[in-house]
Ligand code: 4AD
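A single chain comes next, written as structure tokens; it is the form predicted alone.
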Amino acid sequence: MQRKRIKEVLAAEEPLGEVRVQGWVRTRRDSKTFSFLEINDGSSLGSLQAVYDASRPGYPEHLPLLQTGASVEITGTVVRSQGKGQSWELQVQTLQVLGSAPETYPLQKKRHTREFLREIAHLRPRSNLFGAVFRIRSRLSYAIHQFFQERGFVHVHTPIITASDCEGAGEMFRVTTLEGNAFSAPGAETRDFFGKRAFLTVSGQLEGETFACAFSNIYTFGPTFRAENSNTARHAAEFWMIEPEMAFCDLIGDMEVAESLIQYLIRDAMDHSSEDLAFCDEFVDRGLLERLRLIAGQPFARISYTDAIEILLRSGRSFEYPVVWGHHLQTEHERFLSEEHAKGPVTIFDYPASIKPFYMRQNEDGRTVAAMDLLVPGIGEIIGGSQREERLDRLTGAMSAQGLSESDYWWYLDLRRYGTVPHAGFGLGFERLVMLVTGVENIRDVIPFPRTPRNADF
């Protein structure tokens, strides 16, 4: 008999007859003549109620083993449920205990703090919250590929190990085979595995540009790494990025694709993850669904960085970080602009050149670059991007000003020597997207195994 996922059983419009299900016991309630088992297999938030009659073979022997957390295989008949909350229940014919769970099983209660669940990362996917979050994450991952594939983008795998620092911040993890004193000895770099310094990538953008200059529209979706000693709810040392690059595209086109992507992904989640989103709306962030409908259903406001500074200065607000033209916008500034000024998503563009990387296209005013950040309520920045500098002389000038060696980026400069074109792209932090869609406030709770300072354990 073919196995049925519990999601299929619960969603059936007509009785399925005899089925075989496998899963884990969530709860067990006993009466004199039968037991009610709630079985969940991870396919949905809902569990299937299995009615185990005491007259069935093996009932008394199995009962002590059917504790919360035990895994079982059940065959039985699906019938209309007499109780509330679901349409169908399973009348057990045969039951096999695949793996028992003692009373020390950590997920005995229905509600646990997220801090506690982080300590048992290997078991937290079995909880309702993390089951919902990671099913939504899976659906968003699928929808990202769907968005770009529908629009003719080519998916490119860019390297995880690189010699280039895309952001220029220097917060990169070193990759080496050297040990002990050899690491700091003279000439060590030439004796290392790659013959030069190598790092875990902070972005696939630069390599992605090489493929955009051949295929026109490409995207990457992979892990990135930052050696930033920051213990905040928004930062992790390992995270995932979606980075499209588009040839023959300017900043306006870049903003249009970024805004369309966010709205597409939210609509897809609302269409295909409605049960899990309803759970998040009720137990994680009341008002989540209303906020998602707002973001998905209205045009994004667009404000220049200079105008944004003026808006913040005129707001009458006392911010923790001062508002100064030429400084980075902090999260508190971004959230004010999206949540209180625009009352919805907003794209900020034309940032000061002094706070942006070398590759962003210089505007004619001589002090700003064609950069953009997309801000959303509840999160702040979720996308950062720009039109790339396609003019060789301007690019080399920016590199010199930032102390970068042309010899380290010779291949990147070749893209400007051989058939250069206007092109643009952006990066979407996948975990921040999941935070936006689920309402979960901490990045550690939307990535399966968070890597943060002093934490690389399982």
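Residue numbers here begin at 1 and follow the sequence given. Treat the numbers as computed from the prediction; the structure is a model and nothing was measured.
If you look for the form predicted in complex with the ligand, you will not find it shown, but the lines that follow are about it.
>> Which residue, E243, E207, D276, E89, is the contact with the ligand in the predicted bound form, using a 4.5 Å heavy atom cutoff?
In response: Checking each option against the ligand in the predicted bound form, the one that comes within 4.5 Å is E243.
> Quick one: of H112, H272, R118, H235, which gets a non-hydrogen atom within 4.5 angstroms of the ligand in the predicted bound form?
Replying inline: When the ligand is considered in the predicted bound form, the option within 4.5 Å is H235.
> Should T347 be counted as a contact of the ligand in the predicted bound form, where contact means heavy atoms within 4.5 Å?
Replying inline: Result no; T347 lies far from the ligand in the predicted bound form.
> Hey, in the predicted bound form, does R394 get a heavy atom within 4.5 angstroms of the ligand?
Replying inline: No, no contact at 4.5 Å.
>> Just checking whether Y359 would be counted as a contact of the ligand in the predicted bound form - the rule being heavy atoms within 4.5 angstroms.
In response: The answer is yes: Y359 has a heavy atom within 4.5 Å of the ligand.
>> Whether F215 contacts the ligand in the predicted bound form should be assessed with a 4.5 Å heavy atom distance threshold; does it?
In response: Close contact is absent here: in the predicted bound form, F215 is far from the ligand, nothing within 4.5 Å, heavy atoms only.
> If contact means any heavy atom within 4.5 Å, which of 276-284, 305-313, 258-266, 223-231 contacts the ligand in the predicted bound form?
Replying inline: Comparing against the ligand in the predicted bound form, the contact stretch is 223-231.
> Is it the case that S203, G425 and I443 all touch the ligand in the predicted bound form, with a non-hydrogen atom of each within 4.5 angstroms?
Replying inline: The answer is yes; S203, G425 and I443 each reach the ligand.
>> For the stretch 253-291, I need every residue with any heavy atom inside 4.5 Å of the ligand in the predicted bound form, listed N to C.
In response: Result: empty, none.
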